[in-house]
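One chain is shown next in structure tokens, namely the form predicted alone.
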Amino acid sequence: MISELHNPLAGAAAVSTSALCKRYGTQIALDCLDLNVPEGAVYILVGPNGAGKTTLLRTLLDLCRADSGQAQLFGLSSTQDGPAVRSQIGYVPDSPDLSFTDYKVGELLRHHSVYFPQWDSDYAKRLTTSLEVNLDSRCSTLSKGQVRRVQLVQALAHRPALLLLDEPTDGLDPLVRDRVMGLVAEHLDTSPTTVLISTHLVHEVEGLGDHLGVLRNGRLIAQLERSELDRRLLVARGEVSDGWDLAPPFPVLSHTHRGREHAWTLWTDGQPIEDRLAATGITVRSVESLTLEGATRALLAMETSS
């Protein structure tokens, strides 16, 4: 089943990698990664801490170099065409750090805007207002959450062709997190943009993501369009008779039961499954798709042999 979870994701690629590998000493950060982010997609990249998410984003920006393999963004090499690539990207890093900490926030944003000819000053003002960014504050005095707000303005204000967001709501309180994700949604409505979001707070992007990639130990164990995920990864609930010992006719990612009531998380062929489950002795009560967060948990829990 593993091979079925690697959909090539048809369409022109905004981001693609081929056999991308990176080690830190004996630790494998990226293990022959073949990533494909279609142009215009909102691609959600998930995985536990240490899975390689931040390393991947930093490699795409040529902030660290892969040991082997290739990465391309809009057909440009991340290593050979670094400046041209970065000019098309808005980036929120995983760390809440700002350069030029002796600057005031307004000075920092003006300095940052020089590197992006397409910087939209009016949009930057709206963002700073929405995020309650104090332009007169010294960067050195900002809290982690305040730094994150400034980084979001830096990433969005030049309306880039690609957004790379690494845990974009980290350090923000719940109300501001909702506001930030609302701003991202509004940005997508007004600016043609491809988005690659690395996050472990999957519920925050439930309504945004149309593609999902799951990293574990530097390996991309799943890469799917959301529509296919909803069609094929299902939870079936039902009752079985005493002595029932037949397995469902699909790969089982997880199985729980209380008495005769069972729940199976199944990887199916996308066709109706009720009759085929009934043929194995299951009285089907319901069949439903998982949330994005539920799908992520199921895929991460999946045995590598399945």
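All residue numbers are counted from 1 along the displayed sequence. Note that this is a predicted model, so its numbers are computed, not measured.
Below: the form predicted in complex with a small molecule, not depicted.
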Looking at heavy atoms inside 4.5 Å, which stretch does the small molecule contact in the model of the complex, given the options 54-62, 246-254, 233-241, 266-274?
54-62
Go through Arg138, Arg126, His200, Lys144 and name the one with a heavy atom inside 4.5 Å of the small molecule in the model of the complex.
His200
In the model of the complex, the residue from Gly281, Gly69, Gly40, Gly50 with a non-hydrogen atom within 4.5 Å of the small molecule is Gly50
So in the model of the complex, is the small molecule close enough to Glu225 to count as touching (4.5 Å, heavy atoms)?
no
Is Ala29 close enough to touch the small molecule in the model of the complex, meaning at least one heavy atom pair within 4.5 Å?
yes
Might Glu204 be said to contact the small molecule in the model of the complex, defining contact as any heavy atom within 4.5 Å?
no
